[in-house]
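Next up is one chain by itself, shown in structure tokens, the form predicted on its own.
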């Protein structure tokens, strides 16, 4: 044994002088927290999440109770009020038809948000089912679903929606509010599902080979039970992130289609229709308030869902936050 030189002595404190503190103790009997509970803890500390929540909460109240924000009738138009300046109860004045700009913006949220929410639900449902089946069963099923999704993925979303809605307009022109919303929703969902399918397929391929799936199989769980109870719930993270962002994209898509005159009919109050009506004013450069009020509402709404998607992504994937 080599001799210890001066200054290299080692000192180890006795065990009774360094007791294990309660803070260092590990509760071996504690139930491990789920992925979603850990994600919620991270979300509560995220400023982006709270900012997005405030925006979405205000939007939800506006959609459910528009009378709290304005007492004016959005469909009441009086040409004597054409382009009148702001007044009490009418903070942004009137448009070229004499209708209240703020009232139309408040009530227009209902149609735009309805299209965004319903299109997202249908897209996620179709993409989850097809992606989970393709990733779990593999083989011919995976090849067939993947090739079909590649075909739909190669078609531009807005161009495809324009063609589909134009065809439906020729055979079903008088379809009312919910009929018009349904047509736009189906057109968007029909060509947007491949993105969710790809993400769900990749997540299922990763999860189905993990140890807890093998353990469930060992104790007698069937393949369908494994897919439904273990694989799909643990593969939802990327789908949820995409769904929150996709909701904002669909709201913009509805506005773009209505702006082109192919989305919701002109008799339905929506942000896209108001922007379409204001395009002649943009060219002249006059009375731009008619355009920027619904445009600002649209931008803030999309920002809220994008921020929510970013916050959820960071909460479900801590590696993304570090990078």
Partner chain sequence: MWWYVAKRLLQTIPVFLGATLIIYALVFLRPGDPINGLIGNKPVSPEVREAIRDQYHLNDTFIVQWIYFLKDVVTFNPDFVGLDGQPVFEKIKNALPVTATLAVMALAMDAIIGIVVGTIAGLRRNGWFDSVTLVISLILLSIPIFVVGFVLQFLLGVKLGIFPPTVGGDWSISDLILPAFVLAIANIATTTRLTRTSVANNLSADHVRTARAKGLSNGLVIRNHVLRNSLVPVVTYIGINLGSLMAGAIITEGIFNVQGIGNLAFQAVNRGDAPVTVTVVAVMVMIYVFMSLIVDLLYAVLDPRIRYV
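Everything numeric in this text was worked out from a predicted model, so none of it was measured. Residue numbers count along the first chain shown, from 1.
Another form exists, predicted together with the partner chain; not displayed. Remarks below refer to it.
Although the partner is absent here, residue 283 is a contact residue: one of its heavy atoms lies within 4.5 angstroms of the partner chain in the predicted complex.
The closest heavy atom approach of residue 92 to the partner chain in the predicted complex falls outside 4.5 Å. Remark: residue 268 does not count among the residues lining the partner chain in the predicted complex, judged by a heavy atom distance of 4.5 Å or less.
Not displayed here, the partner chain is approached by residue 153 to within 4.5 Å at the level of heavy atoms in the predicted complex. The contact with the partner chain in the predicted complex, taken as any heavy atom within 4.5 Å, belongs to 162 out of 162, 126, 144, 117. Residue 252 is the only one of 243, 185, 99, 252 with a heavy atom lying within 4.5 Å of the partner chain in the predicted complex. Here the chain stands by itself, but in the predicted complex one stretch of 71-79, 117-125, 170-178, 103-111, 170-178, has heavy atoms within 4.5 Å of the partner chain. Residues are counted as partner-facing when one of their heavy atoms sits within 4.5 Å of the partner chain in the predicted complex; in 241-270 these are 252, 255, 256, 259, 260, 262, in sequence order.
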